[in-house]
Every structure is written in structure tokens, then in C-alpha cells.
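First comes one chain, alone, set out as C-alpha cells in the form predicted on its own.
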């Protein structure tokens, strides 16, 4: 496929795959930016990277035994998150060490399965680097449910999540079930990572969850305004990434992340010069 010109952009909307990519990407950007902002403030951003790479083992397992790879990624991601939480709570390992342990286990599982299956295949590579342009109606429906569920959870438990994020000891004193809330939030993180793999890929999913939130924090606004700004930055980077990748015929996931990084650098520089 050759590169397109700016005048060709309107014609892209006649293609179903392009429209589904925009819708699915927007949904993924919203839920990822919301979850990511809480993770940034909890100083747990690298949890995303660790769990996403662990999910590689789940994707490989799903392809090997003939089930939906995303289902395999979801199961392994959930086990990984709870494994990390358990090791931290029981004092078996600090946060970064616990993440490293689970990442190593998940990724090594994927390598073993790949060797049993006689190497990589095209489908497995698509989960490593994302395949947003192959999204189906079912993918969009699943992402819609995830987005509504995640936002519903964060809105309904807004005060509890704020207390848990900024003052966990104070949350304990207020009678908030910290352990239960943490487990529920971590499960939401695992689900978000697993379902975002289709959009951005295992390798780059951490960027989609972290960069919009970091950009929004540069504005120094209220928490609610920061949440909204994080969503808008994520949506902008995703839509521009999809359009630019179509124009220049380059990898969509890479352009999305490159755009998000560019927006972050621009906003950070502007705030310091203003």
C-alpha cells in the first residue's frame, strides 16, 4: 500500500476497518488513560510493563492450545497481578522485584511454548506490536463493556480510590476495605492491559497507559480536570496515530506512541516556558 495524501483522509472513513480502528482505539485510550493516571499517582507505572510482558505467555498459550489469545492473556495477567500483590503484601519481594519475577515467569513460559510450536508466527507477532486495523465488531463491543465497567468502577468508588491513592494509611483509618479495593483495582488493570494488547501491542501498552496521564499532570489542574485531560490526550494521540500511520504507511502502534510522546514533550516544554 502506497502512502496517501492529506486529501485522501476523508476517503478512509468509507472503510469499515478504519472506522472500527478509530472507535476501538478511542475506547482503549479512555480506559487506559484513566487507569494509568491512578497507577502513576500510586507510583506503580511499571506494573503495567511487567504484567503486559507476562501476558506474552498467555497469548502464546492461547495460540498453542487453540483458544482466544486475549483470553489466555487475561488469565495470565490476572494471575500475574495477584502474584505481585501477594509477594509485596507477604514481604517476599519489593514492588520492582515482584514485577521482575512475574515478568520472567510469564515471558519464559511464552518462549517455551514458542519453541514447542516451532517458532513465531504472524499472529503472535501481531499481539507483540498491536493490530488495531484488524479490529472486529466483537472487539469494539468488548472494549465498550470494559470502558463502561472501568469508568463506572472509578466513578462509583471515586472517594475510596482517591483515599487509597494518596493516603493508604488514612484509608485504613476511614474504614475503607483497602485490600479488597486494591484487589479489585488490580484486576481492572489486568483486564485493561489484556484488552489493550489488540490496540497497541504487548511491547508498547505501557506507553498508552502512562504518557497521557503524565501529560495531563503537567497542567497542574484539579484531579477531575486531570482525568479529563488525560483522556483527551490519549484520544488525540490514538486518532492522530491511526491517521498518520495510514498516510505514511507505517506501523500504527509505533505512531500512536510517538505522537503521545511528542504531545508530552510539547506540553512539558510549554508549561515550563509559559
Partner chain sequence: MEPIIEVQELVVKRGPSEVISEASFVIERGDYVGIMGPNGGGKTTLVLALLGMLPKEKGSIRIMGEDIESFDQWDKVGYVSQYAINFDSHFPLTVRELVGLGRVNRKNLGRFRKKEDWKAVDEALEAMNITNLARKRIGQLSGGQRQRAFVAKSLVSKPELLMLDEPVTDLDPVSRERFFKRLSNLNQMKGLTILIVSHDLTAIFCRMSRVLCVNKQVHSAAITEETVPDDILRKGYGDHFHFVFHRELCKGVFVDEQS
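What you see is a predicted model; the values in this text were computed from it and never measured. Residue numbers count along the first chain shown, from 1.
The next section is about a form of this same protein that is not shown, the form predicted in complex with its partner chain.
* **Segment that reaches its partner chain in the model of the complex - one of 198 to 206, 107 to 115, 182 to 190, 161 to 169, heavy atoms within 4.5 Å** => Partner-contacting stretch among the options: 161 to 169.
* Asked: Can you pick the one in 157, 129, 86, 137 that has a heavy atom within 4.5 Å of its partner chain in the model of the complex?
  -> Looking at 157, 129, 86, 137 one by one, just 157 meets the 4.5 Å heavy-atom criterion.
* Could you work out which of 61, 240, 70, 217 is the residue within 4.5 angstroms of its partner chain in the model of the complex, going by heavy atoms? => Answer to the contact question: 217.
* Would you say all of 16, 133 and 149 touch its partner chain in the model of the complex, counting a heavy atom within 4.5 Å as a touch? -> Per the other structure, none of 16, 133 and 149 touch its partner chain.
* Determine whether any heavy atom of residue 226 comes within 4.5 Å of a heavy atom of its partner chain in the model of the complex, and answer yes or no. => Result yes; residue 226 sits at the interface with its partner chain in the model of the complex.
* Asked: Taking heavy atoms and a 4.5 Å cut-off, does residue 94 contact its partner chain in the model of the complex?
  -> Result no; residue 94 lies far from its partner chain in the model of the complex.
* Asked: Even though its partner chain is not shown here, does residue 235 get within 4.5 Å of it in the model of the complex, heavy atoms only?
  -> No, residue 235 is distant from the partner.
* Asked: in the model of the complex, does residue 174 have a heavy atom within 4.5 Å of its partner chain?
  -> Because a heavy atom of residue 174 falls inside 4.5 Å of its partner chain in the model of the complex, the answer is yes.
* **Stretch 45 to 69: residues contacting its partner chain in the model of the complex, 4.5 Å heavy atom cut-off** => Nothing in the stretch sits within 4.5 Å of the partner.
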